[in-house]
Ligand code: SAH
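Shown below, as structure tokens, is a lone chain in the form predicted on its own; questions about how it binds or moves come after it.
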């Protein structure tokens, strides 16, 4: 039994069942035994793989997006490049390499990595040791330096803890994590005894009994952070993640360990927990916050609009021996049955800026 599971069992025994957001927060971010603070989960030898690990082309497209966005903002003397959940630093390395097309951009750039994992922070420092601009770390968006900003997040929002509610007899009851009455060492899902009331449920009035609704409490806070930062300075936030363009019911909580789906309750702290992003809610909250919202677009459409196909062709011409590998990488990023449609890109920016690159159609 994992040390964190032992502690959670004691907590539930003393305080009663916990909601899924609290469970996810502990499993992912507990400073002693949580998943992110204690390990490097990325890559072929880790627990999951992300787009920047699949192909350098992904980060290069984002790098060109950053350069054009800086130009759209009037080429400020200092531009804050803030990456949320930067993994091993591979995407930022690819971003900065592609950004060499504009030396003035690199002279203006100041990179801040928002990271919860000390293990990954060490890896990022190694990856970006020779970065062509200053690189520092922060614990949150609010801790990053102020000024005109470009905020990038790839597979960041799917790690925000969610709450789940099940419709029963016309009302919504929260799904919680409890101790199995038949096994005091096991955790199970259960329902709270009393119904809950949220404005968010209004969109699901017509849902049938048994429908499961997911709500991410961190989304409004994320929008508040963007709004506060973009109120005094021009800014754009580009978020890429998996999830539907329109709100859907259904259980999307999943745990990954060594690239394999496992029971989310089995060994908290030893597996990554994620849930799909509700892009409809994200866009709506952005509009409520006074931000200009573009998208969501399927990842394939966004990357192709930025020039992915041309970049793949150029790399293939210069490395014919890697043609098959490059083709597989591009396909994984853009094919409908891979990441092309499941993953979406959305841009939230301060009012008054031009349409962001990739979202012109």
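Treat the numbers as computed from the prediction; the structure is a model and nothing was measured. Positions refer to the first chain, counted from 1.
In what follows, reference is made to the form predicted together with S-adenosyl-L-homocysteine (SAH), a form of this protein that is not presented.
None of 170-178, 231-239, 108-116, 209-217 except one has non-hydrogen atoms within 4.5 angstroms of S-adenosyl-L-homocysteine (SAH) in the model of the complex; the exception is 108-116.
Though S-adenosyl-L-homocysteine (SAH) is absent from this view, in the model of the complex it lies within 4.5 Å of a heavy atom of just one residue from 166, 144, 226, 120, which is 120. Using a 4.5 Å cut-off to S-adenosyl-L-homocysteine (SAH) in the model of the complex, not one of 60, 80 and 137 places a heavy atom inside that distance. Put simply, residue 85 is close to S-adenosyl-L-homocysteine (SAH) in the model of the complex: some heavy atom of it is within 4.5 Å. Though the partner is left out of this view, residue 295 does not reach within 4.5 Å of S-adenosyl-L-homocysteine (SAH) in the model of the complex, counting heavy atoms only. S-adenosyl-L-homocysteine (SAH) in the model of the complex is approached by residue 159, whose closest heavy atom lies within 4.5 angstroms of it. Though the partner is left out of this view, residue 285 does not reach within 4.5 Å of S-adenosyl-L-homocysteine (SAH) in the model of the complex, counting heavy atoms only.
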